[in-house]
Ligand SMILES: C[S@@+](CC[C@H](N)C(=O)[O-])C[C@H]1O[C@@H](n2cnc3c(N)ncnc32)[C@H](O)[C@@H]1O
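Next up: a single chain in structure tokens, the form predicted alone.
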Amino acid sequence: MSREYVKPKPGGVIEVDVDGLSVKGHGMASYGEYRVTIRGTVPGDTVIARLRKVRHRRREAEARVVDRTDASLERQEAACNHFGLCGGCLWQDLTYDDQILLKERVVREAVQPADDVEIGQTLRAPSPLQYRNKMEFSFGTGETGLVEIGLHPAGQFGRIFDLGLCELVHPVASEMVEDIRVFANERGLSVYDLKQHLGLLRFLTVRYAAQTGEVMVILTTSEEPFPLVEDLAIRLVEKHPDLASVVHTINRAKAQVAYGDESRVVCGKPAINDRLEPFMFEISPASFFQPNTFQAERMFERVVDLADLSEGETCLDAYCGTGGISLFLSQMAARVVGVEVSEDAIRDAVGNSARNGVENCQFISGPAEDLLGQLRDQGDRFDVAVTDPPRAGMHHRALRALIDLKPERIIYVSCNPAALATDAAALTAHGYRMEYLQLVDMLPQTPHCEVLVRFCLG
């Protein structure tokens, strides 16, 4: 289609053909010399869009859809009434099959695997809805002055919308939101104001143990007195028999963090339990636990398969978190060493190991870039290394130390295909060959891609 282009400016309306997809799942289109990112679009769409931001030096812009005049993928009615407003689910109006195809495209375009790399079949989620085992909700005040609890509109982290029902979590989470909202308004509780730094209520976190059914509620407040927290806990426990823990945590900082620096158990246990077969895990309020329980179990099993451990072989688990992958590897390895910067996570990993009678795992707390270098310098050797770094990828010194350790096989677990591509290039430059790549759909309805890659030395 032939079009005339004018210099883009915020507020301007353009018509474009979407031809690409960013790693965040947003459609990409060309407008003259500019590359425009448009939320809610996919390749094959033709849209009329309003420009929001323009970066002239970079020839980049961001826009929002005004109207979709053509589409390559059929849209469906989203399950959630908040779809389009909420910043969480981007693809609920697409079929699950189409979501998988788009994620596979994102991974291929970011990583660009060679022709001889085996591409495994995508590990699809057993359920594309109600799969999340943890959700953080924010408190706000509506126009009427009443307490609201909800999530953030897309790109608007200073605002929330009042939540009715979230389709990504177990219904008990939405029930907790409603019950606590009613209590807060009945008792006249205040909401923390981000500008004045006054008020009480800051965050509500609900954790649901998918295998055991146990529920934990975490209320994060400012340091203002909260004498009614016991009354609230009693009301929640009376209504919800599976509520195993109510925790009150105080965040004194101005930063919007959903867990504070002081906490106490108001009612029930200090932690809940969930199972990733064959292991039982204790989940404390601040513990990291993969957000999709059933997919985590399947992904950990796949990591063990790709590690292909033989009798007597040793394994390094970098960025091991609370030890989930380490425990699965312990079934086949002679010895597993887990490395993690968070001391709390390491305590959980040690506890999970003891709880399950695992004796061949050692966990060390400290930055991976320091500890992997120490392991290298003291002559440690590992047959297999698993690395599951944060979104930014491996620290460059950690990656260098891993290369120097020369494990025969490296299983890279990535939550960011772009960062994976960067680290893969470094591994390839130092003698490693990408053998296998597989997408794991951990978070349906979102563009999030979890990717497993096996590298072999030589």
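Numbering starts at 1 and runs along the sequence shown. These numbers were taken from a predicted model, which means no experiment stands behind them.
There is also a form predicted in complex with the named molecule; it is not shown, and the following applies to it.
Asker: Thinking of M176, F203 and A258 as the candidate spot, does the named molecule come within 4.5 Å of a heavy atom on all of them in the model of the complex?
Answerer: The answer is no: none of the three residues contacts the partner (heavy atom, 4.5 Å cut-off).
Asker: Wondering, does Q290 line up within 4.5 Å of the named molecule in the model of the complex on heavy atoms?
Answerer: Q290 belongs to the contact set for the named molecule.
Asker: Using 4.5 Å between non-hydrogen atoms, is A368 touching the named molecule in the model of the complex?
Answerer: Result yes; A368 sits at the interface with the named molecule in the model of the complex.
Asker: Report whether the minimum heavy atom distance between P389 and the named molecule in the model of the complex is within 4.5 Å.
Answerer: P389 belongs to the contact set for the named molecule.
Asker: Spell out, yes or no, whether the shortest heavy atom distance between Q130 and the named molecule in the model of the complex is within 4.5 Å.
Answerer: Q130: no contact with the named molecule in the model of the complex.
Asker: Which residue, S342, T141, N356, N81, is the contact with the named molecule in the model of the complex, using a 4.5 Å heavy atom cutoff?
Answerer: So the residue touching the named molecule in the model of the complex, by this definition, is S342.
Asker: Could you tell me which one of C320, V384, A333, V247 places a heavy atom within 4.5 Å of the named molecule in the model of the complex?
Answerer: None of the other options qualify; the answer is C320.
Asker: Tell me which of 307 to 315, 150 to 158, 215 to 223, 333 to 341 has residues with heavy atoms within 4.5 angstroms of the named molecule in the model of the complex?
Answerer: Comparing against the named molecule in the model of the complex, the contact stretch is 333 to 341.
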